[in-house]
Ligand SMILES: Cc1cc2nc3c(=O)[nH]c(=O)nc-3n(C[C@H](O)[C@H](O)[C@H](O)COP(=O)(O)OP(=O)(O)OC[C@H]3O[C@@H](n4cnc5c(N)ncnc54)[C@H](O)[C@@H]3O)c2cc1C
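Just the one chain here, the form predicted alone, laid out as structure tokens.
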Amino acid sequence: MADPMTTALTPAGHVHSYWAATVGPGPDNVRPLPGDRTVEVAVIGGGYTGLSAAYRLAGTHGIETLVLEANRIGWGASGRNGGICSITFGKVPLARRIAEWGVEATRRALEIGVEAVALVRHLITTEGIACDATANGYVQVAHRPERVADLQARLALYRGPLRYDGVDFLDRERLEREGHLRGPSAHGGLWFRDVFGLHPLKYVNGLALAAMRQGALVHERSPVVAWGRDGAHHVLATPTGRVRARRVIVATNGYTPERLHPHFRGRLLAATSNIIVTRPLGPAEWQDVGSLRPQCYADTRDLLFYWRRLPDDRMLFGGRAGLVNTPSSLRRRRRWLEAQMAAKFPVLAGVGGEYFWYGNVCLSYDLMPHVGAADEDSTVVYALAYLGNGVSIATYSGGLAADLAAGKDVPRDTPLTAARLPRFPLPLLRRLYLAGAYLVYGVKDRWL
């Protein structure tokens, strides 16, 4: 069945979203592949990962690089996400990381998260990317009173063995008094310093321009329809030409075709994240919500809700749900998301969303992002599986993938680069796993 949100695109070729409506013109001179080319490295995917890889390969390593994007630059998750540039590194709980990885690897993973956010800030500044970046600030909000103790326990880990001082606990009174949040599901929160918001589609367009300035070739509307070998070269066929490359970086994340390359079969699972954006809210409405600054939020659910006060005073509100994307199911999901927003913020009952869209979140079996090379062919490098927090870690991981493709050593001190991308057991049942997770986590979020 055709995807109803990919068949109804804007004139610029993006899904109808608030980001597409406010992005302005995209990069000039980004055309489909015009015939055959031979390069050192080909990158598949024109989102944060692929473009940051091309930027590093061409600019730092001086390697001839070509990017192939199947649709428009940023068409996938890089142009559809909530624009929260966070330090989140996978979905493995903090205490479990310490128990399984040890304190040093867990601390290093946290440092990578902070470095990834700093890298995005650096690129925005040095490359002059106008992407509506906000001041730092993010609150993870206890959506039930019972979750307050969990947040306090996490704070002790951050400040104790992990030696991270960029976090503070806010009780319910401080949340309201300091202008962070109020409402029936705001029982306390952890405030993180090293997180900020941006316009994701403006950012990815800026990355494309930066990569091209470094000398990378970027071609959109150039899907890889066949992948073969000719001696030492990979041969990537598109509808308008072929690319021969000694090495290939796969940067397609939640939009990776199952048959793109044998290595990736059964290793990834796409889940759906849905977003609404309201009309601009008035001062009294924001006063009632309690959010007096344009910062970012998420709650403590397993199937979390996340939201932002945007620079033009709209609210962006998103959540995970959905197994099929039919017109009727999308209408139901929109109504469900609007109702969840109103339950969290009663003053917004009836406000609804002026915009609604969805995109794919990419899950791995071990709930961790991965950068590595294919088991059977070290000339195929990948960076993917960001589990819904890809703005910063995808940018960072693209650079790591570039270093691998350039033949450089990369640190192997966390599962990001040290662990193989695992295959799902019985991968044909992945959608059933997801349905089961939605059921179990939904009950847990409601009652625990």
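Since the model is a prediction, treat every value here as computed from it, not as a measurement. All residue numbers refer to positions in the sequence shown, first residue = 1.
Unshown form predicted in complex with this ligand; subsequent notes refer to it.
- Residue contact check for Ile249: none of its heavy atoms lie within 4.5 Å of this ligand in the model of the complex.
- Shown alone here, Asn71 lies within 4.5 Å of this ligand in the model of the complex, counting heavy atoms only.
- Proximity of Gly83 to this ligand in the model of the complex: non-hydrogen atoms within 4.5 Å are present.
- Proximity of Thr414 to this ligand in the model of the complex: non-hydrogen atoms within 4.5 Å are absent; the residue sits far from the partner.
- Among the residues Val224, Ala245, Val120, Met315, the one placing a heavy atom within 4.5 Å of this ligand in the model of the complex is Val224.
- With the partner omitted from this view, the residue of Gly372, Gly76, Gly113, Gly189 that lies near this ligand in the model of the complex is Gly76 [heavy atom within 4.5 Å].
- Exactly one of the stretches 139 to 147, 215 to 223, 324 to 332, 340 to 348 approaches this ligand in the model of the complex with heavy atoms within 4.5 Å, and it is 215 to 223.
- Residues Asn253, Tyr255, Pro257, Leu260, Ser273, Asn274, Ile275 are the ones in 253 to 289 with at least one heavy atom within 4.5 Å of this ligand in the model of the complex, listed in sequence order.
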